[in-house]
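Here we start with a single chain on its own, the form predicted alone, put down as structure tokens.
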């Protein structure tokens, strides 16, 4: 049991570090653009001091760019703040669709590198589970990353949800799956530790080139 807890903790730290590093890298890029824009304004100011007329259109363009980048940085920080608070409670009620959407938004730069389109099909009704939100986000990311790596040809992943609200499930389907990945699906010690802790099982769906996470049926 202690060994499984250590695996879970280490995996959680890696996940937190990877998502945080991704967000801070985005913020760094935003600050670089802001710094470049500030440099342009300084150049225009120096030119004005030497008698050159200030170009209003150019100044407006720089102003709009700065506003966009400040808004972008603010959105990234809000995502990072929300993610940081996912460790606040050991157990809480989570909306599966909203959690999946948040993970996709949080990890969007990593998904873009995979060059895979990921789409969500909304459930017929909100699907709720009582779980540890942080480790649920962790497991969802591992599933998204696995599905993106497994997708071939059209490079598309569809995320859908089951119809039985008493037995929640999330399904990940690819246009065409790589058999090597599908044959050894979630077999690592980290995957097993997460699934055991979250009390979920994995089910393969080779007909639809996908897999699903299933929660026990609520009595």
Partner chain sequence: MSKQNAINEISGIQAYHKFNISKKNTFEMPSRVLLVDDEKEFVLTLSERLQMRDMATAVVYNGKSALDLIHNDAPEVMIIDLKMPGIDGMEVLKKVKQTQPEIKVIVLTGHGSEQDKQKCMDLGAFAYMQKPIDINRLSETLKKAHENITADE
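These numbers were taken from a predicted model, which means no experiment stands behind them. Residue numbers count along the first chain shown, from 1.
In what follows, reference is made to the form predicted in complex with its partner chain, a form of this protein that is not presented.
Engineer: Please tell me which of 188, 63, 29, 156 lies within 4.5 Å of its partner chain in the predicted bound form, judged by heavy atoms.
Structural biologist: None of the other options qualify; the answer is 29.
Engineer: With a cut-off of 4.5 Å between heavy atoms, is residue 98 one of the residues that contacts its partner chain in the predicted bound form?
Structural biologist: Contact with its partner chain, no.
Engineer: Heavy atoms within 4.5 Å of its partner chain in the predicted bound form: does residue 69 have any?
Structural biologist: Residue-level check for residue 69: yes, a contact with its partner chain.
Engineer: Against its partner chain in the predicted bound form, would residue 25 count as a contact residue? Criterion: heavy atoms within 4.5 Å.
Structural biologist: Looking in the predicted bound form, residue contacts with its partner chain include residue 25, since a heavy atom lies within 4.5 Å.
Engineer: Can you tell me if residue 164 lies within 4.5 angstroms of its partner chain in the predicted bound form, counting non-hydrogen atoms only?
Structural biologist: So residue 164 does not count as contacting its partner chain.
Engineer: Quick one: find which of 127-135, 89-97, 111-119, 142-150 has residues within 4.5 Å of its partner chain in the predicted bound form by heavy atom distance.
Structural biologist: Comparing against its partner chain in the predicted bound form, the contact stretch is 111-119.
Engineer: Kindly confirm or deny that 33, 36 and 44 each have some heavy atom within 4.5 angstroms of its partner chain in the predicted bound form.
Structural biologist: Spot residues vs its partner chain: full contact, yes.
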